[in-house]
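To begin, one chain is listed below as structure tokens, in the form predicted on its own.
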Amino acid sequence: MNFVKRLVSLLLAFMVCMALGAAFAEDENADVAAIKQRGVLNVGVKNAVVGFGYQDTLTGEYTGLEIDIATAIAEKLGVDVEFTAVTAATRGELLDSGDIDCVLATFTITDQRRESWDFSTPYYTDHVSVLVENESGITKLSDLVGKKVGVSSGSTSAKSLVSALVDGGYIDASAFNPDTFDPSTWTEGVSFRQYDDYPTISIALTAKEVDAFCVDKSILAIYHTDSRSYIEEEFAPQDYGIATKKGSGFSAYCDELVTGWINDGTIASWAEAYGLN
């Protein structure tokens, strides 16, 4: 009888441990489970950046490296994928509000941004550059002193440009504090005008509202024409990662997938297909 009681006690203890373990695992992956239960992965993407996230105006179809990554994540989850067009100014807000589960939108990883969101291992590295009209005579960083530069609201491009100008000795370093930098108030050596999207900056460059257009070179490539040129310098490497809510159980899931696809060459093959290598 004592043996039976001990056996029952051991079985009960085992079942309790299993239940607790299952509950812990379920809690740990609650965000992934919620997406699976919903049946849809909501992803914030760019809709006007060829090669990364571009939406055909006629068919509505999205294409690009970041679209392929998002689609592959949804396939791994066994759910559909829905895309929401975001800008540098709106992507963080939509992620915070829960309207989207993650952001794949040329979102550069920075220490400051890591304080607000989780990021996966970088899936692509770009550099910041500057596009100008040929007739402007601007060919290098030093030529930008005294000029007005168009940038996207919420991007890090303006700070990267000022940092490059400081490093080159073209403007006074004592005026630049990266932690408090604000492009809307910066006037030392160069000034900025912020816009909600890239096509508007391109129009502003044509209209001479600004003297130059500064952002990641992969984005500038869309607006490069025979009458426009890049300045000589590239600067500020930009690592793009998948952004997810801070502390989300979905963060580790995305990182594991991206790391695997980097190691087996899948992401490199996607990038090559879009001419990004």
Ligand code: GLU
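All values reported here derive from a predicted model rather than from experimental measurement. Position 1 is the first residue in the sequence shown; the rest follow in order.
Beyond the structure shown, there is the form predicted in complex with glutamic acid, which is absent from this document and is the topic of what follows.
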Segment assignment from 75 to 83, 174 to 182, 108 to 116, 130 to 138: heavy atom within 4.5 Å of glutamic acid in the predicted complex: 108 to 116
Would R91 show up as a contact with glutamic acid in the predicted complex if we use heavy atoms at 4.5 Å? yes
Does any part of Y198 reach within 4.5 Å of glutamic acid in the predicted complex? Heavy atoms only, please. yes
Although glutamic acid is absent from this view, report whether P122 comes within 4.5 Å of it in the predicted complex, heavy atoms only. no
Non-hydrogen atom contact T156 with glutamic acid in the predicted complex at 4.5 angstroms: yes
Can you pick out, from Q238, S251, N42, N47, the residue that has a heavy atom within 4.5 Å of glutamic acid in the predicted complex? Q238
Taking heavy atoms and a 4.5 Å limit, what residues of 210 to 224 are near glutamic acid in the predicted complex? V215, D216, I219
